[in-house]
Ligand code: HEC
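Before any questions on how it binds or moves, here is one chain, the form predicted alone, in structure tokens.
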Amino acid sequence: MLRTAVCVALLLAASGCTTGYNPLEDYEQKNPATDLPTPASAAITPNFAPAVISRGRYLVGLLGCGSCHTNGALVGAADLEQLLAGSDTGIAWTNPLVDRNPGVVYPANLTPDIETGIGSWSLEEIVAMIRSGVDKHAGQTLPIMPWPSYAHLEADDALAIASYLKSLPPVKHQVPDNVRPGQRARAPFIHFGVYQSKTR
């Protein structure tokens, strides 16, 4: 049934639908979770002003950070015990409908766990990541993380987000390693894309 539906979707004019590479054969449709709560700060946060933390929490919710950075959210089954603690499901940044083994990014753990999250990051390093996509090791992240849009955040807002993230209770959760194009992903992934029809 699925193969038939795929054949129809790809148009019957494409000859040999029952043979060759079916780009959707290994995929199933999912509905991402987008309306997620933002976790509360740790009970004791002496280094952060409550108003700054409150602003950061509001912005993290508004920007939908948990939609990618919460385990299970990308496939519609968010684990509320792992809010903002990274995702075991990645996001393909090259087209899996063309490349059998696309490049995949696994959204990072944004809680201040020292081993698996941002616990060793300074506020300035987090702000730089948010606004320029440059991580603490001077590596440029892909725009899967929408830093080109976040570059327009006011400095105080980016600092509020960083302060809020640093104030969270740490959650130990190691996400899978990112995958380069051509390598086989060992953990599941999804793919977002915008495609224009080839009408003439």
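All residue numbers are counted from 1 along the displayed sequence. Everything numeric in this text was worked out from a predicted model, so none of it was measured.
Below: the form predicted together with the named molecule, not depicted.
Enquirer: Classify T141 as contacting or not contacting the named molecule in the predicted complex by the rule of any non-hydrogen atom within 4.5 angstroms, answering yes or no.
Expert: Contact with the named molecule, yes.
Enquirer: With a 4.5 Å heavy atom cut-off, would you call A85 a contact of the named molecule in the predicted complex?
Expert: Because no heavy atom of A85 falls inside 4.5 Å of the named molecule in the predicted complex, the answer is no.
Enquirer: Would L168 sit within 4.5 Å of the named molecule in the predicted complex, counting heavy atoms only?
Expert: Because no heavy atom of L168 falls inside 4.5 Å of the named molecule in the predicted complex, the answer is no.
Enquirer: Would Y27 count as a contact of the named molecule in the predicted complex, using a 4.5 angstroms cut-off between non-hydrogen atoms?
Expert: So Y27 does not count as contacting the named molecule.
Enquirer: Does any residue in 91 to 121 get within 4.5 Å of the named molecule in the predicted complex, counting heavy atoms only, and if so which ones?
Expert: Read in sequence order, the residues that approach the named molecule (within 4.5 Å, in the predicted complex) are I91, V105, Y106, P107, A108, L110, I118, W121.
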